[in-house]
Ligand code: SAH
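As structure tokens, one chain now follows by itself in the form predicted alone.
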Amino acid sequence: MKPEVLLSRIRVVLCRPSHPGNIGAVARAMKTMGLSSLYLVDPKQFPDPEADTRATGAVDVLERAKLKSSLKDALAGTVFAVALSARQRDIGPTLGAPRETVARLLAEAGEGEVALVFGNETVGLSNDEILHCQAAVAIPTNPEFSSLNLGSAVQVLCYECRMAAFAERPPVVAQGVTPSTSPVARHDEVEGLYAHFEAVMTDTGFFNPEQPGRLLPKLRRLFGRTRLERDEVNILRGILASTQVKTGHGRKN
């Protein structure tokens, strides 16, 4: 199944969110990762201008958000739901790690709609709400400062969903980057560069041919770690030639 289809089957469910700004932040977090299905269970204040402001380009996610009176209604039609919890409850699913739990969520998404369920910003999910879910997940935060904003928590799990859906290789748009059109430098061109370096280093006194040490092999190893392009060789030789002009030695080929 296409990754985009899997992501479209994931509902992000917010239970009793108290701050409209957080709802907007969640919408933005979702859209950046390719999710679009937002469910709000008894939000304190929504719709709200602050939610639109915090969404920053993801207002369309807010406009399509579905309002429900209970988590049971929000999960109607799903085949699997994962609850976010900061602690293991006496009754309820065992807390799992994000990557493994999301992998299970995506596998279930192949069968139908699934859900990521988040609780209120202050008190989280109730025990009853967690029992509506088949799995639970905890984000491994710093034990000395474990407070995580709702939008940030959603962002972490939506990121894991995207990575899992695309098998760890989601498409990336490289904006403003022009692919190189220069061919790879030939062996003789690279050898000419090494000879040019040796000549300039000798002329400037940096390299003593009578006591060569390991300077030249290390220089080869340095450039050998990458495949030099012809343009790059020309740039480096241009710099070397400029140095020779300044020192009055002229260009050595």
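Not measured: the values here are computed from a predicted model. Start at 1 with the first residue shown and count on from there.
Heads up, the form predicted in complex with the named molecule isn't pictured, but that's what we're talking about next.
- When contacts are defined as a non-hydrogen atom within 4.5 Å, all of Leu84, Asn120 and Val123 contact the named molecule in the predicted complex.
- Distance criterion of 4.5 Å from any heavy atom to the named molecule in the predicted complex singles out Ile139 from the list Leu131, Val79, Ile139, Met163.
- Only one of Cys158, Leu150, Val102, Ala135 lies close to the named molecule in the predicted complex, with a heavy atom inside 4.5 Å, and it is Leu150.
- The named molecule in the predicted complex is approached by Ser146, whose closest heavy atom lies within 4.5 angstroms of it.
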